[in-house]
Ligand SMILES: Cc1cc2nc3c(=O)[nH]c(=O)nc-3n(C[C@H](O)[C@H](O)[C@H](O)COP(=O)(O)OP(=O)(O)OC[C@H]3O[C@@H](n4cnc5c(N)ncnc54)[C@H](O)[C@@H]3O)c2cc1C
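Have a look below at one chain only, the form predicted on its own, in structure tokens format.
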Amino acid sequence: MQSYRRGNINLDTGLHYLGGLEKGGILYSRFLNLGLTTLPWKRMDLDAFEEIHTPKGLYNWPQGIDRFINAMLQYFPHQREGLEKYCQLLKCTDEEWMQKTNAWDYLNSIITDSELIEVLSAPAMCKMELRRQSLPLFTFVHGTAAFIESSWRLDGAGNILVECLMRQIKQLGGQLYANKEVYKLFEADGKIISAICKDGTEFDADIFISDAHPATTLHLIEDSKVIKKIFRRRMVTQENTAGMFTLHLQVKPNAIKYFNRNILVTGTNSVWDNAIDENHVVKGIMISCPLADVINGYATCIDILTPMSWDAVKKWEDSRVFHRPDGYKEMKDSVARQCIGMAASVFPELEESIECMYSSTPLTYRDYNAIPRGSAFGYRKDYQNPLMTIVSARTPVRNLLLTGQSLMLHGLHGVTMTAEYTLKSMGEN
């Protein structure tokens, strides 16, 4: 959720838009309780919050599940039966059978037009890892339905949401500490006694909750008497999702008008399993225009995202931020130029409008967020592995709980629901 500044513009690391925030929506009551509904949310275009460009055509997604299905029927009238089943699926996101069902197989069982499957899947390209072999239908639907219900942007940098949460914590008597890197969790008698920071500070508590990646959390506990090797091995060796290549473009004043929608551009490859690999070829992009710093209706920044696997950066894994070799920088520049080239199919004036650009890869996310392999969405969920489709918030250490994107669902919607899941587990402990 955090944002940072480069020059005179704000850049968001991940909060590009949010779904389900209308009254009665899946996040409304939760955000109301957290004091977040008063933030300056702006609803995205009702008739086209997603604009999808494929080699075969242009498709607009309207907000509202029924309106969305009717729009898809206009594009694909011969797929009525499948779209009616898909409509019911979007309205029912919590069935247990969906956790054990392969998303790719299910979509192909109800939809017979491959182009429609691409259109239904394209906006998920940067919301989750679209992996044919493993993605649970549960994850796919939760990462899609809420956005179709209603989609919103924050009129400002993502940090204003963080600052709002910080105020809530302080008003409730909580304390916040920055620049306190925990390097060890001290265990005794089957409990965590204290968290020890690199600067020597120790924090004692009755309950410890970690939203760091579970593997990162376990690395903080040495010589545990209660964590069995089989548990540690499973949590540390579990595969993680691919990462993301993000490109922030600062554009010249009055060059590109703000667009209140996301634009997806796909290539000849399917959006499924399309992450950039060691060949460094971009296969599809999402283009977003942050509301922060919009001046007189014109954008100051445009974000472009595309999935990127660890294989694309593995040869430079021993490097660290600000100390990358030239080959890595050349790769980033090549990928950035490909992204700009794809975006130019929608914005022909884009390249000549760029003042400067900033990019990041899974290596960046690994180094800043301590996430194994810079994974964008944490653990890879697998419909065939129920232990990893929903990971328990409880650990063998009775007062240590987990939360965050690796447990159940990712994204702002996902971690909000996962926090409730952790809270419930705390009560059961």
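All residue numbers are counted from 1 along the displayed sequence. Here the structure is a predicted model, which is why all the values come from computation and not from measurement.
The same protein also has a form predicted together with the ligand, omitted here; what follows describes it.
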Requested in this report: Examine K100 and determine whether its closest non-hydrogen atom to the ligand in the predicted complex is within 4.5 angstroms.
Outcome: no
Report task. Using a 4.5 Å heavy atom cut-off, state whether G25 contacts the ligand in the predicted complex. Result -> no
Requested in this report: Using the partner position in the predicted complex, report whether E181 sits within 4.5 Å of the ligand, counting heavy atoms only.
Outcome: yes
Requested in this report: Evaluate L400 for contact with the ligand in the predicted complex, applying a 4.5 angstroms cut-off between non-hydrogen atoms, and reply yes or no.
Outcome: no
**Report entry** Residue among T93, T112, T216, S353 with a heavy atom within 4.5 Å of the ligand in the predicted complex
**Finding:** T216
Query raised in the report: Of L305, I209, L116, I263, which residue is found within 4.5 angstroms of the ligand in the predicted complex when only non-hydrogen atoms are counted?
Result: L305
Report task. Choose one stretch from 41-49, 390-398, 362-370, 63-71: the one whose residues place a heavy atom within 4.5 angstroms of the ligand in the predicted complex. Result -> 362-370
**Report entry** Candidate site Q2, F377 and V415: all three near the ligand in the predicted complex by heavy atom within 4.5 Å
**Finding:** yes
Report task. Output the sequence-ordered list of residues from 14-39 with at least one heavy atom within 4.5 Å of the ligand in the predicted complex. Result -> G14, L15, H16, Y17, L18
